[in-house]
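Presented below, as structure tokens, is a lone chain in the form predicted alone.
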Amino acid sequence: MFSKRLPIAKMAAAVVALSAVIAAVMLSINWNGAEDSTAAPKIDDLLNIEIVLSSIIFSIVVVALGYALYKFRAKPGDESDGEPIHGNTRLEITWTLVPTIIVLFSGAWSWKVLNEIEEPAAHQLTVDVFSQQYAWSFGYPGKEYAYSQGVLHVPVNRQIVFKMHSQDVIHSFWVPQWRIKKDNVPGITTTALITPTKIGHYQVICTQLCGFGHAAMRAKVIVQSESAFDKWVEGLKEKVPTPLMVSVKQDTQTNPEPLEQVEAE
């Protein structure tokens, strides 16, 4: 009995050791950069949990594969067929059940994090985001839809409700240090809730391949104090252009009206 358990004990020890080494290396890398929003630490913690789980699963597969290659390798000169074997029902149930539990756990934890980062806060600021090939522009409803092109100003430590309106194809709004990424889909309004926590300069990056100019589709982001933000908005002279305002009014949280119905009206 001991001789049968010994390989399992050695394999378990190898899995633990390999998992620890891989997880230690992977967790030591700052994959996402600075955490400059309230959502960033929660998202990074979720990533770290997935790294640990992935390290364990990877180690189990590698150790089992290595053991099988060594233990059941063909001996020199052995050209006979392999022995006919029957599947191990208990093993098959185990390797079906364990991944199922891991996926359910990951899904539940992700849901928890999503609920936390999308929790509405008091004193929100709404900013309309207009995306089109290949530029970003922004409207500020609180100032009678004041308008800025290529630069986004927001106050620090205040929840921003970004309402996204694409004018042509699918784009995606992403500031890496904020972590939140949201697609801008033609015909509907998508929403992202983000609370910046640090004053500084950043970039909006489009992460959906939207055409030849995709790589250059960026905009400057300035996070500043609330007083500096209010002063900047007050100084804006341009209003959101009429075609963009039409998209604000037409976009909805659900699918738009059928084309034939619009034409009939």
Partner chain sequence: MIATFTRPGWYRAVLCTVLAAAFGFGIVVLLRVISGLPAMQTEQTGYPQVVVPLITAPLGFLLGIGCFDYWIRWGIGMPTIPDDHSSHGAYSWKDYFKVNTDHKVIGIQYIVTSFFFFLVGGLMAMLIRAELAQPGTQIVSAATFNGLFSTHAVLMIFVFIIPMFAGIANYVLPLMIGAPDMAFPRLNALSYWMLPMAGILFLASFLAPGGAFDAGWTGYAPLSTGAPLGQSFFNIGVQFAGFSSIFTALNFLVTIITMRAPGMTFWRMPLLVWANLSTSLLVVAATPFISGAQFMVLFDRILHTNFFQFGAGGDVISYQHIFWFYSHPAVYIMILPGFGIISEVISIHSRKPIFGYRLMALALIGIIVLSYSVWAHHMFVAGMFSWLRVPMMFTTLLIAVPTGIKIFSWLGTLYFGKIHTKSTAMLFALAFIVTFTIGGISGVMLGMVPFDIHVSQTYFIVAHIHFVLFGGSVFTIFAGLYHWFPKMTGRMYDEKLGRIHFWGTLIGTWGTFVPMHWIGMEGMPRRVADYASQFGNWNLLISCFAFMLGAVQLIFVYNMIVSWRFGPKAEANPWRGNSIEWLVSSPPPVFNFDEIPRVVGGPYEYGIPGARHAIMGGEGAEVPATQPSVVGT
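Keep in mind that what you see is a predicted model, and the values were worked out from it rather than measured. Numbering follows the first chain given and starts at 1.
Only in words, not in the display: the form predicted in complex with its partner chain, which the text now covers.
*Asks:* Pick from N157, S106, Q149, Q124: which residue has any heavy atom within 4.5 angstroms of its partner chain in the predicted complex?
*Replies:* Spelling it out, the residue with a heavy atom inside the cut-off is S106.
*Asks:* Should C206 be counted as a contact of its partner chain in the predicted complex, where contact means heavy atoms within 4.5 Å?
*Replies:* Close contact exists here: in the predicted complex, C206 approaches its partner chain to within 4.5 Å, heavy atoms only.
*Asks:* Verify the contact flag for P120: yes if a non-hydrogen atom of it lies within 4.5 Å of a non-hydrogen atom of its partner chain in the predicted complex, no if not.
*Replies:* Although its partner chain is absent here, P120 would stay clear of it in the predicted complex, with no heavy atoms inside 4.5 Å.
*Asks:* Can you check whether V161 is within 4.5 Å of its partner chain in the predicted complex, heavy atom basis?
*Replies:* No - in the predicted complex, heavy atoms of V161 and its partner chain never come within 4.5 Å of each other.
*Asks:* Consider H153 of the chain shown here, and say whether it contacts its partner chain in the predicted complex, taking contact as heavy atoms within 4.5 Å.
*Replies:* H153 lies outside the contact set for its partner chain.
*Asks:* For the stretch 71-98, return the residues whose heavy atoms include at least one within 4.5 Å of its partner chain in the predicted complex, in the order they occur.
*Replies:* Sequence-ordered list: F72, R73, A74, D78, E79, S80, D81, G82, E83, P84, I85, H86, G87, N88, T89, L91, E92, W95, T96.
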